[in-house]
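Quick setup: one chain, the form predicted on its own, written in structure tokens, and binding and motion questions come after.
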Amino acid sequence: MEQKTIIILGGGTGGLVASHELKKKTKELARIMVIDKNDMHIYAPSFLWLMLGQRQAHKIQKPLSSLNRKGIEFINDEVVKIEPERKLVRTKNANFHYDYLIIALGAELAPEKVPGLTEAGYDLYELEGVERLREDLKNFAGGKVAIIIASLPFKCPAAPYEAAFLLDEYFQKKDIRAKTEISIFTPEALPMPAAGPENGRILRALLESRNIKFNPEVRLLTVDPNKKELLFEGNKTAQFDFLIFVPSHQGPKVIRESGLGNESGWIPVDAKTLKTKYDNVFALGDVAVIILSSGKPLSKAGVFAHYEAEVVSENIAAEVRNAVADKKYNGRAYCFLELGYGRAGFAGGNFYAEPVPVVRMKRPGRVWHLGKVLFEKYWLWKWF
């Protein structure tokens, strides 16, 4: 049987799971290749603990070159063009033909879309920004802390809310919470809308119980770093002393330039199989867009990339073995929510349920915080 070539673009959550699952299921029947412009896999959920000085940057990264010893070829190069009609991937240094292509390139961060944002604050989704945030928090003595969600959609929908809860504890321990105001500004009507309105109301109540101000349905236009002022649509303004932001997200440049995605660079896929409109081309994780029955897009989060990668891998492997490829993603997923003080929440359910997602949040407790810590350790051990 002729060996198939399966190329995976991206070494994030989806790329890691897909490459390992495919290698395990196809063995010598397929050549598995992972292409990524970065040489390290960074475990982004640990950024919140890095912010507090509870993690070190080098401890939450692993070299993607370690995939080679597992029989998975890693190519450290930047993808510049995808030509699905020719089954060709072009990088800066080479061209690669494929039989199957999995696009797991994630989202591209675009803080520059809001003038003044980068100069004024700290990027919660970028390693260097979080390290700078950690150092400057040490010298913060109180004032107005603004946590801004620049635009929708954004990945890791719980992260800005977790940051607010953890900073509440951090400032309490520094004995400056009484003179510190924490405010969240977001275009969302309720936190984490893809989890359904009931959970959004629960989360909003949790924020308010901790004296964290929730400012919904506001769209950030510009930031004045000198005046320390936020300007929102409708000529609304707010002042800050310390600014933490979730930057605007967009589809990767190569997707936009290759014409594979929509106007924002996201790739529409079948919700159950992750197939694109091109034969043998799949997209999963943050780069894909799935519209739920509510009309809202499925959230961009690592847990979805993980389960989607398992479905795609199973189906590709079945085709390689000349078996029936009938695996489908059912929309089930879960999420941890750090609340500080050694406690966390945990929510899970069916995000594909109609007319709205059926997602249940467990009572917050220490066991869920421990679960999140253990999952971090498991993740960095499992794939490397």
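Bear in mind the structure is a predicted one, so any value in this text is a computation, not a measurement. Residue indices: 1-based, along the sequence shown.
Keep in mind the form predicted together with a small molecule is missing from the figure; the text below concerns it.
Residue 79 is the only one of 101, 117, 79, 194 with a heavy atom lying within 4.5 Å of the small molecule in the predicted complex. For the residues 302, 129, 261, 111, the 4.5 Å heavy atom test against the small molecule in the predicted complex is passed only by 302.
The closest heavy atom approach of residue 345 to the small molecule in the predicted complex falls outside 4.5 Å.
Among residues of the shown chain, residue 331 is not one whose heavy atoms approach the small molecule to within 4.5 Å in the predicted complex. Proximity of residue 125 to the small molecule in the predicted complex: non-hydrogen atoms within 4.5 Å are present.
In the predicted complex, at least one heavy atom of residue 45 sits within 4.5 Å of the small molecule. Just one listed stretch, out of 349 to 357, 322 to 330, 36 to 44, 55 to 63, contacts the small molecule in the predicted complex at the 4.5 Å heavy atom level, and that stretch is 36 to 44.
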